[in-house]
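In structure tokens, the next block holds one chain alone, the form predicted alone.
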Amino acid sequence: MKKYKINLKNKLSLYDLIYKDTLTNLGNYKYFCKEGSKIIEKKDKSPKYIFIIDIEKFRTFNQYYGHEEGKKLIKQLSIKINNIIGNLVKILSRFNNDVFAILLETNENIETIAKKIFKNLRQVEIENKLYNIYPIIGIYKIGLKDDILTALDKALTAHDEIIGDYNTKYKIYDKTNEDNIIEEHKIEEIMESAIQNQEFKIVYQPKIELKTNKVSSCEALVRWYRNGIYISPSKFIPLFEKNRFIIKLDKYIFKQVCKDIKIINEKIKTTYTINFSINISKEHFAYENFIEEYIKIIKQTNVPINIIELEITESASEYKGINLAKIIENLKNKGFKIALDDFGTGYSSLSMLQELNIDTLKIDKSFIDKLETNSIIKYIIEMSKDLNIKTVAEGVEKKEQVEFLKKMGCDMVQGYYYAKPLNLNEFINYMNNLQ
């Protein structure tokens, strides 16, 4: 009898070792696949779904708050998920790090459930500390012909589609998800060689000062041509931000623009100084030495730092664990100008402008396209003036837009009404033809 108990104890320990997650006491990946297969193999017609849930920038959370706090967060997440939809859950498992998988059975509206999960996971309390987090939720409705691995793979495909997308709360799998993932893999296979082969080209779009009608600045934009075929930034920029290749691309562009500035300043005939705006992704902000790396490029190319304006998107303010105000202050102290791009597209309030020491505010094209929202544009411009911040309107294409913005007191405009993005030689000719 005693021997039997010892063997049973050993057997249970072995089971836990194979199928349990030690941190949360939930089942692990092997458990999910084992038990999930049993449920799927019944082939009954009750609707079943797989949810994949993890947290955006969990690695950054660990770096900022520490790994012990990260472990506490994972434990709280497992409890919260169970509390939110425990009555629907057939299996809840933790795969690794912050990745949870749920197999649930329900006739309820699946989007309502997804929204409920998202809303309730946005804040997690740990020992009286409240953390704001951003869940990523991928969903797949299990078909009668699916096995557990196929179903999991499709839920993961939906999940991967929205990594880095702060405007989407969840994603339900459809065939286009899979096509997008395949397209992304194709791009990832060639992105390194694209830099080596100088396939990324820089174009410059003038910014016109409305008071003087002069080109006071220009924005450097990237274009990608592979074997003569144009690849849209909308295809590769979000992907590069997701896989952080954007850091390498940004540095490459910055260095190339600095080289071009020397050529432009030698060849154009203006009697005044032109500023150059260069985009910088929020992905840089997780690395403390990125400012020094940019300063090094400035010194190598011998470009005056005070004519360089770094454009940061509004969404950078949502980057968890990053003190954006401090980063901007550090960049300003080094001599860079700072512009806040795409203002009005995210969730930031106008009060944010008081916290950030920026030089320029770029009003998004979506506002310019709808002149009936002129009260909002007027308010943005007036508040910017009070804070001594210059305003630039993006996507200006019509004369009436220019006249309206001039009347509102906007400082600069940028768009096809004045000029499309121009390559280096086109930009030099454009500038010289203005004289």
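The first residue of the sequence shown is number 1, and the count goes up from there. The shown structure was predicted, so the numbers you read here are calculated from the model rather than taken from an experiment.
One more form of this protein should be noted, the form predicted in complex with a small molecule, which is absent from this view; the next part is about it.
Within 4.5 Å of the small molecule in the model of the complex, counting heavy atoms only, one of 217-225, 267-275, 110-118, 165-173 shows up; tell me which. Heavy-atom contact with the partner occurs in 217-225.
Which one of S281, T360, T157, S78 is close to the small molecule in the model of the complex, taking close to mean a heavy atom within 4.5 Å? Exactly one residue meets the criterion: S281.
Which residue among K72, K255, R244, K365 has a heavy atom within 4.5 angstroms of the small molecule in the model of the complex? Here the answer is residue option K365.
Please tell me whether the candidate spot formed by I237, D250 and D341 is one where all three residues come within 4.5 Å of the small molecule in the model of the complex (heavy atoms). Each of the three qualifies.
Quick one: is E161 in contact with the small molecule in the model of the complex, heavy atoms, 4.5 Å cut-off? Close contact is absent here: in the model of the complex, E161 is far from the small molecule, nothing within 4.5 Å, heavy atoms only.
Any non-hydrogen atom of E311 within 4.5 angstroms of the small molecule in the model of the complex: Contact with the small molecule, yes.
Would you classify G335 as touching the small molecule in the model of the complex, given a 4.5 Å non-hydrogen atom cut-off? The answer is no: G335 has no heavy atom within 4.5 Å of the small molecule.
Any of the heavy atoms of E397 lying within 4.5 Å of the small molecule in the model of the complex? Heavy-atom contact with the small molecule at 4.5 Å: present for E397.
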